[in-house]
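One chain comes next, on its own, written as structure tokens: the form predicted alone.
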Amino acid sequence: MSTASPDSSGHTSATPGSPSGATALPGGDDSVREEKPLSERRLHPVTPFRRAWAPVAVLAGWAVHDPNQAQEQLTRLTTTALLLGLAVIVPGAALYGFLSWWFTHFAVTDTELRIRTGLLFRRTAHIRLERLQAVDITQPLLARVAGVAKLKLDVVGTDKKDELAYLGEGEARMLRAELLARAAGFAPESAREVGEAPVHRLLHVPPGVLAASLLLTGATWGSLAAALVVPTLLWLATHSAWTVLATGLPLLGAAGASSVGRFVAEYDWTVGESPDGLRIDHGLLDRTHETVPPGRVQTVRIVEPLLWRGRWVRVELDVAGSSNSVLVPVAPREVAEAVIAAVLPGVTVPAALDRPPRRAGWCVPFWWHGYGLAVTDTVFAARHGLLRRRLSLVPHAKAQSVRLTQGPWERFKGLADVHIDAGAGKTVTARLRDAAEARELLQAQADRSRTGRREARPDRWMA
């Protein structure tokens, strides 16, 4: 008998031959405790249509990788051969989609979510519920038309999300609520009855405000100017239409992504507070329902572009093991700070920050005015940027290490940088502080971090 061992990411890789529904007892005992039979479920019946595109995608990838060879092969095909090829590829793709759907099952046990996939090579993912940190629902445009949704699961210690695609929209919401309830410690028999947690709306971004904010963003106009000026200069220099197209199209795509793309992605942005974390719903074509898990936020950044100064701010965050990066796309500062207070309970955004000493201008002329620092009982706050200000907040409990660095010119001027390493691979730096102040800050911040971790609130769901 082969057993399954959990890895550090919260998954358990099951090897063939392990009895389904059996668990090895601790302590090396070979006896087995039988569990009740699992109620396995399949994905939505439209899933085969989505998976049937995989063989076609392989052919398309080959054609893009070697277009000359693909064109040469196509010119050699007769009409009869092409029709015969389609007669083989289309049914084969349909059969692949059906079989991959038929051999995919999932089940929720008392402690984990099991996903079995694979036609020839079987794979069983055991996702431990206590390791769940986010369960998101996404609906691409065609999925919205079909009434289905994709369930994405963030697990502590993994970069890649496991997913169930696709489920019926109602089933996806019920399963999400059940997983969160079980992750919070509810008994299996009552987890389904808990249902989706109530949501209290904190913020809604009107489309007009979002559009105006994008028009007042320097990146939008900078990319648009580059898309117009660079192709024009290339045309005057080369008179080559291919050179202009090869340069202009990517620049236009970048300009569209920084304006139209952001508008489509951040349309109807809504933030709500619930017992299982902050809920974020957004999207014009593809709808996304995300969750900012409690206790997992490592850093928060308040971004203030020059043309937004005094009117709006943008709030970004870093969550360990999650792709969530935007909390508030645009909002008045007082509204944004209220949302920050919900995601970081007990944290208040400092109203005033201390600038570096004037001699810092010898190290970074003029731009040193954009640096600032404030340390409160709950948070380490550092600001940088003169035209586009960014204020980074690190709760003391999330600081993993503290470092002091000095370049040769900084040593000559009696200055130093203090770095706070937080989770999610992020570092917040207080630039160009007085050297004596930096050494005191280094020791004091290490003490605050230890105290913060001891007094930190539990980060379990609905706790």
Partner chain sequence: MNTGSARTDESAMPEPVWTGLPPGLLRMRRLLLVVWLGLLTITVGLLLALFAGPGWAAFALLPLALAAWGWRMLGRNWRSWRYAERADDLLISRGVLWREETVVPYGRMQLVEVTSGPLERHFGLASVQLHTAAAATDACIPGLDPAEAERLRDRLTELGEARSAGL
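Since this is a predicted model, take the numbers as computed values, not measurements. Residue numbers count along the first chain shown, from 1.
Although not depicted, the form predicted together with its partner chain is the subject of the following passage.
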Check your understanding: Looking at its partner chain in the model of the complex, do all three of Ser213, Ile302 and His369 come within 4.5 Å of it through at least one heavy atom?
Key -> no
message: Whether Ala184 contacts its partner chain in the model of the complex should be assessed with a 4.5 Å heavy atom distance threshold; does it?
response: no
| query | Does Val46 make contact with its partner chain in the model of the complex, using a 4.5 Å heavy atom cut-off? | reply | no
Does the 4.5 Å heavy atom contact test between Gln133 and its partner chain in the model of the complex come out positive?
yes
Just to confirm, Leu373 within 4.5 Å of its partner chain in the model of the complex by heavy atoms? yes
Within 4.5 Å of its partner chain in the model of the complex by heavy atoms, the stretch out of 240-248, 200-208, 374-382, 110-118 is 374-382
Near its partner chain in the model of the complex, with a heavy atom at 4.5 Å or closer, the residues from 365-404 are Leu373, Ala374, Val375, Ala397, Lys398, Ala399, Gln400, Ser401, Val402, Arg403, Leu404
